[in-house]
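Take a look at this single chain, the form predicted on its own, given in structure tokens.
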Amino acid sequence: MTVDTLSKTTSLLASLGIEPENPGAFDGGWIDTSGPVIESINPTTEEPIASVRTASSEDYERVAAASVRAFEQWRTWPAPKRGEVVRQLGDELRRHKDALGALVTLEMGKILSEGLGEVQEMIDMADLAVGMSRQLYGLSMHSERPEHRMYEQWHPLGPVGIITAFNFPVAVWAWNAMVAAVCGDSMIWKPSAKTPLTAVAITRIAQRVLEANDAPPVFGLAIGDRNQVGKPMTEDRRIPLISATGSVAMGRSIGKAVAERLGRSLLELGGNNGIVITDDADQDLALRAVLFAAVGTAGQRCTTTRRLFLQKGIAASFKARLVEAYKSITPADPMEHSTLMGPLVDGRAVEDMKKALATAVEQGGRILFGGEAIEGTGFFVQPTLVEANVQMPITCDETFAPILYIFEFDELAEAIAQHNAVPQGLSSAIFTTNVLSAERFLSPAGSDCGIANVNIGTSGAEIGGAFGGEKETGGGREAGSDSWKIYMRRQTCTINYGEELPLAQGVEFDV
């Protein structure tokens, strides 16, 4: 690291309250945590940025107990007042957007525009949640009994456990935290050990907002491993909801533990997303969409396009154009504005990509472009195109890397069947100018994913709609629409304002 780069990094960290070594737990104050120290590594340079002393199980208990106390107070605040606190949090994030975006890029490796975009997503979530704070509606129903009134109302649920992954180190927290906060819940955040500094920075910003409003410490933090933090959290009966983003294997483990205590799980797990391109598609539009969806974030989005289905009439020409487009992408320092693809998050991700490609070739795949790790400093790889066939088992797996498997098809029904023949069901897209093809893709017999798009790619979902997927993706929904309901408990109320006591369904019980 050059002297100039070191100076800029030190200044950036200081502006966000990040120190050389940081405590990894917050319960209203920063706990002198007793777990092992972990270093945050810059994937571009492979150098340590700063370190965090993680939470032990005893530290987790302090955070959990504080979260319960905070909930008991926070739930009594009117929802619009809670929304005002979230509004102020959004304003603080606006003030620190440039620094936070740069920290996301520094720690995770996504290009700077994506780092800034992720912080903007937090800000947008705050704005959305403020509106929700005045729209936590219940229904009124007509009672079958005379002089009775029925309605439903929604109450705060309790402390929420939020487990996030490295690829969106702050946005996914915001999807949950902003909405949970206006719903009246407190929360405990367990971020990825690969991106702990962003969690510390966000929590410090939230701390200032809470203290300025004399609000309880609803935004708790516990950075630690599965045994010291993850397992105690998922098994904690005081935590009625666990929202977890990560691998399918992780989701199965968490879902089982939470179900055993009859808690709620909100799971956002693997994606193996496909794009179908028909002969009549606008190929220029499709090419740009595929390029971003497959290469953006170095293939480390849950919504990354990993499978491409080309109708045979345009397959050869489109593959040729795609190869030329891939040749134009040079993985480089994500802090540079001209860079379109940064590094993978760590060396293990590079090895996983190598293994997946070796397996793909063994199973009959042919590499059209890429496939190599880039020698030198940093976890850089070439974005890779692989000609594949549907008999290759590896194409049913999610590899968190910029690998795009390409298939050919004759008829749309064939493409949809192949598209749906994987365990995951997160995001999907079709490029076509034929309205019948578009509607078939969106029909009940079409895409089986939670997200289905026409003439846009699989990644870059807007927060206004509920985000999530089906099958092994976990079935969770976060962000917009009515996703706030999972953070609250429904209560049906019946009021008798008469002097008689009629029973429902005509039951008679006279003494």
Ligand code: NAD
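Predicted, not measured: the structure shown is a model, and the values here were computed from it. Residue numbers run from 1 along the displayed sequence.
The same protein also has a form predicted together with the named molecule, omitted here; what follows describes it.
The chain is drawn here without the named molecule; in the predicted complex, the stretch among 126 to 134, 179 to 187, 376 to 384, 250 to 258 whose residues come within 4.5 Å of it by any heavy atom is 250 to 258. Taking a 4.5 Å heavy atom cutoff to the named molecule in the predicted complex, the contact residue among Leu269, Ala174, Ile223, Ala429 is Leu269.
Checking Thr105, Thr245, Ser437, Gln228 for any heavy atom within 4.5 Å of the named molecule in the predicted complex turns up a single hit: Thr245. At a distance threshold of 4.5 angstroms between non-hydrogen atoms, Thr164 is in contact with the named molecule in the predicted complex.
For the chain shown alone, Thr473 is a contact residue for the named molecule in the predicted complex, at least one non-hydrogen atom being within 4.5 angstroms. At the 4.5 Å threshold, heavy atoms of Glu398 reach the named molecule in the predicted complex. For Pro191, a non-hydrogen atom is located within 4.5 Å of the named molecule in the predicted complex, even though that partner is not displayed.
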